[in-house]
Ligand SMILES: Cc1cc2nc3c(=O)[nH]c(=O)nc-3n(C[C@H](O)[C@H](O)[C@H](O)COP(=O)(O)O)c2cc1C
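The data below hold one chain only, encoded as structure tokens and taken in the form predicted on its own.
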């Protein structure tokens, strides 16, 4: 039976244990304080013993592609070189760090952020194909705004090369691996999904052809960055709205087959996630973030983002409905992960609603008749609430009750990020619990 404390190999890199901080929106940007902000955000997890830190959602190009304000771009060699200060700090604690590469495509701020569109009137969204009718309808009624530039075949190869160039810069800066944002409606998912991808060249048509972009990205990274560990999220669009609203989407079986083919292509690990075809609460399941929406200090910033008070209220209403549709479910990707793990020999990483040590041990358990769900377990939002969470989850007494995170999945941390606000816990009773744990020494590692 694998335990959380056991090391694991991803590609040629050994990770000291099987706990990882899943990618989050770091909101560090590219300004003069960006590296210090990232160190402040990420180092506490490494200091607490977390084996792998995944720096979230960095954009491979210098223009467009950001899904939210404050996302860091990694197109500039000089800036990326400065990130070696971050990787050095992570390595000082014995942890490994992967960087997540992304481009938002039709999910980018050019689509939904009113103030950003006004400031960048000539900026088009990159699109795999013409947007499906469901998104065009949202454009007609004024809820979103699409002015897409459908990538030519040559431009798809250029975009894949940008992923490769970004990966090479990251490796030079000391990153141990590359994590592709293959889900959450980013451009990689848009290539994989029949909902978005209606191309008639080598990058579209059959399921095999829709995987070609990830195959070319793999080759670009291998050519430019060497044999660096390469991980990607694998989507199954199983929470998609029902027919006739959405007739074409990635089923669970489709996601499993994608993972199998990615292993053959040469990917070193996969992260199976169930997501929708749109950017909604399927990826952050939990309570309606009432405190965040009613925060008086953020109302003007929300209005700037969504285009006025009326649209802000409509988005909040949609958020409330989605919180009912995507109610919190512990380890909601477990079945998908287990079915993928039955089919591949590379590590399977699980995330999404994992909230306690006992749950982690169960997901990793290979002692029974059932296949383990995964080889590593990751948490995201709980690290906003407890930056040094690893110290509580690792080195637990075998017969003791496993600790649980204090995060309540209330999403008061996520909604303010549409304004560029930092990803931090804003829920008073959660912060109070963290304070009590701090005073009790719960975040002190026993090996120090």
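For clarity, every value in this text was computed on a predicted model and none was experimentally measured. Positions refer to the first chain, counted from 1.
Another form, the form predicted together with this ligand, is not on view; read the next lines as being about it.
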Original post:
Which of these stretches, 157-165, 312-320, 372-380, 207-215, has heavy atoms within 4.5 Å of this ligand in the predicted complex?
Top reply: 372-380
**OP:** Counting non-hydrogen atoms within 4.5 angstroms of this ligand in the predicted complex, say which of 48, 419, 30, 414 makes the cut.
**Re:** 414
Subject >> in the predicted complex, the residue from 283, 304, 144, 346 that sits within 4.5 Å of this ligand by heavy atoms >> reply: 283
Original post:
Just to confirm, residue 19 within 4.5 Å of this ligand in the predicted complex by heavy atoms?
Top reply: no
Original post:
Heavy atoms within 4.5 Å of this ligand in the predicted complex: does residue 278 have any?
Top reply: no
Original post:
Hey, in the predicted complex, does residue 351 get a heavy atom within 4.5 angstroms of this ligand?
Top reply: yes
**OP:** Answer for residue 91 alone: is it within 4.5 Å of this ligand in the predicted complex, judged on heavy atom distances?
**Re:** no
Subject >> Output flag, 100, 184 and 332 jointly within 4.5 Å of this ligand in the predicted complex, heavy atom basis >> reply: yes
**OP:** Check each residue of 13-32 against this ligand in the predicted complex and list those with a heavy atom within 4.5 Å, in sequence order.
**Re:** 22, 23, 24, 25
